[in-house]
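Read on for two forms of one protein chain; each stands alone as structure tokens, with the labels structure 1 and structure 2.
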Structure 1
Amino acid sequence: MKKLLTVLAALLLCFSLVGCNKNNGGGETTPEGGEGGGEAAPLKIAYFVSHLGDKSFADSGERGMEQLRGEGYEQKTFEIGDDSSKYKDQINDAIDAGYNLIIGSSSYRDYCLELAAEYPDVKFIIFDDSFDNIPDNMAAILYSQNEGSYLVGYMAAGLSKTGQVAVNVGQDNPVIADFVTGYVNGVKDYNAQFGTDVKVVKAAVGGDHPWGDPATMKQLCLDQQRNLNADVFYQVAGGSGMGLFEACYETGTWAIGVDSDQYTTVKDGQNPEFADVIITSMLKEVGNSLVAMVHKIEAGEDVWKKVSVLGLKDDSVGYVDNDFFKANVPQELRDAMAQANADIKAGKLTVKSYYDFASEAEYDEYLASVQ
């Protein structure tokens, strides 16, 4: 009996030691995984936007978050409004709540840079931005929105019956200027190819809510149509773009959406009739790019301290080629767009970028060449 008890005690001790080794992994688990010998902590992802529901840029990112949640990631989207004085505190609160991968657009870059220095074990992804001196725990994503904008600018010139097209933005900044540059380049190349003289007019919503003021956007478009005879309008203004669609619907002019397939999102919204003027949308696949970046991180790829530039060849920008587009854009023009798309992907055609200009004056001169 004593011998049996001794054997049982030894077995219990062995199981206890095995259990301890399984829990500890031979050492303590750390967020980065390596130093304690354990596995890295699971990603807990926070996505920051001012507001969802723009049917454009923010919602494109949210579709990526939906995919990540469907894949089993712990993810939460934080809508933090327009008061930038509260941004750092709100991001800080998420970090304190255990979120170890912070994702936000260029609007949150400066606050994330400060927090990246304070929390070296937390990772940050800033998208739609490029900058120098990226910290060790941060990655940046920049899109070649000029390439997609080139294609819809070329199309706009081909569709215009008045010889006047528009590009209207929320407010001016380098990324938005890159949209405008590509659009103008597309118009210029169409003019050179067909001997036309299509002009481009540009306006900005501005004010306190440049990305959420559809009323101002609508008035800008109505003025451009009535006073300048513009008949194709490209919106690069987030939620303000709904005002452009409304104006185009009222005046019977064409609209071009941005970032998401806005024909589909508007068709499913409160004013589905506005979709009937959205000839196409210039796509910026924010959601796809964020999902791809998370997958790279999980695979152990070195994305940190770098800017990933994603364009047509990465299927991160493009344009909507749906049945409505096919029904309303002539075959010859669609073929020319497809060829330009292929040429850009192959490196045979280089689209002008805002980042190519040596100065703001040089950019202004480029815009003036089609005004």
Structure 2
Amino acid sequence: MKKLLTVLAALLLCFSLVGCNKNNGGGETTPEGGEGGGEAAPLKIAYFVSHLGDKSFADSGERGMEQLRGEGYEQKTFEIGDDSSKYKDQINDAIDAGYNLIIGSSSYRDYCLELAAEYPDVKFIIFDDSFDNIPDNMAAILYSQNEGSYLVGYMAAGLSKTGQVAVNVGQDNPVIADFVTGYVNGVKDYNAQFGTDVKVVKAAVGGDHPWGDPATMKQLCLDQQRNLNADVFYQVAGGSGMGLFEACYETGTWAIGVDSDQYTTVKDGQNPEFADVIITSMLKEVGNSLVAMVHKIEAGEDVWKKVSVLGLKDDSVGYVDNDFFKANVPQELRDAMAQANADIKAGKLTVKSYYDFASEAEYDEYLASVQ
């Protein structure tokens, strides 16, 4: 017994020494990175997500990271879960381990802001967010999701036979409201052009898992189909969106996917029949935009202290124009969409954005105008 304890104690000592050693090692790398800051140390990129595998947002970013790894960058993706109380520590750990470019979505903004002040030599990219007082070592990326949503909203209005379309979100927040604003704008412009009176219903999944509760989403859509006769559904709800596709499949209505080409994703899965309702998807190319951003940083462009807005003209948002889309959307409607797309790119047509509204009440009023 005594022997065993001695061995255990010895082991414990060994491990604690190893631990110290590692810490020392980590401590050494940081100042090195700091010294090299003057002549740009090689980028070590850390990408933070809560979970990969959402088939949209986080995965799209990961595709960009794959590309960067392929280009020879030292990159690691950290999956840090849903417990936000641990976010700051985990990002801090990555900085201590020598990562000098931290990439994360708006969920990590507040923690990164704190860390940016502590570590002036480390750079930060916050995407899918817009905010004021951005520090010197931080760059923000905002997507013009309103522009892409405008086009699918325009299409939805043209496709609807009942004059009622829907947009269902996971939870209300400024970025999501920007999707909704663009969609509503698209429907309104279609109405103005063709003298129709297509209505838009908007609802949020809410609850404990707004982005992962397909059962509630399915129920929302079935309810809108029955009570309001909605026949085109746009999902902006991450994992909950699967419930929307199922509801559309059951009721024979159209679905619009989001973030990535969800028709292809579903078609390649084990249940390809569910894909046959996804008429198109509003694309938000997070991965491409991150790659472009890293290249800009390498080229020495000044991206810091400001928000870069990426839209249709940067190919950061768009819609899927595949064979299924071509086969099911009438030619005139497709032409009109392409025309609107070109107009927005050329700056001839400006899409309303949530960030244009002076107050929440103004946004509500805007929604009410098509309800």
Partner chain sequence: MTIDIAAFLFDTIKMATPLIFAALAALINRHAGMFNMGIEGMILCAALGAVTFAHYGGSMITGLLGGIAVGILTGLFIGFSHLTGKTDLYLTTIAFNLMATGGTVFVMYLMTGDKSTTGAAFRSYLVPNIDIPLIKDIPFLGKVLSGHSLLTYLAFVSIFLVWFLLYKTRIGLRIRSVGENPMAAESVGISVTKVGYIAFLLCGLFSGLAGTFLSMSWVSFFMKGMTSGRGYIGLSAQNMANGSPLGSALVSLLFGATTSLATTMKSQTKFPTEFLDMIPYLATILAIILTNIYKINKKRRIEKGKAAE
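Counting starts at 1 with the first residue of structure 1 and goes up one by one along its sequence. The model shown is predicted, which means the values in this text are computed figures rather than measured ones. The term rigid core refers to the maximal set of C-alpha atoms that superpose within 1.5 Å between the two forms.
Asks: The same chain appears twice here, once per structure, so which copy is the form predicted on its own?
Replies: Of the two forms shown, it is structure 1 that corresponds to the form predicted on its own, while structure 2 does not.
Asks: Using the rigid core as the reference frame, would you say residue 135 shifts its C-alpha by 2 Å or more between the two structures?
Replies: Superposed on the core, residue 135 moves its C-alpha less than 2 Å between the two structures.
Asks: Tell me, please, whether between the two structures the C-alpha of residue 269 is shifted by 2 Å or more, with the rigid core used for superposition.
Replies: Residue 269: C-alpha displaced by 2 Å or more between the two structures.
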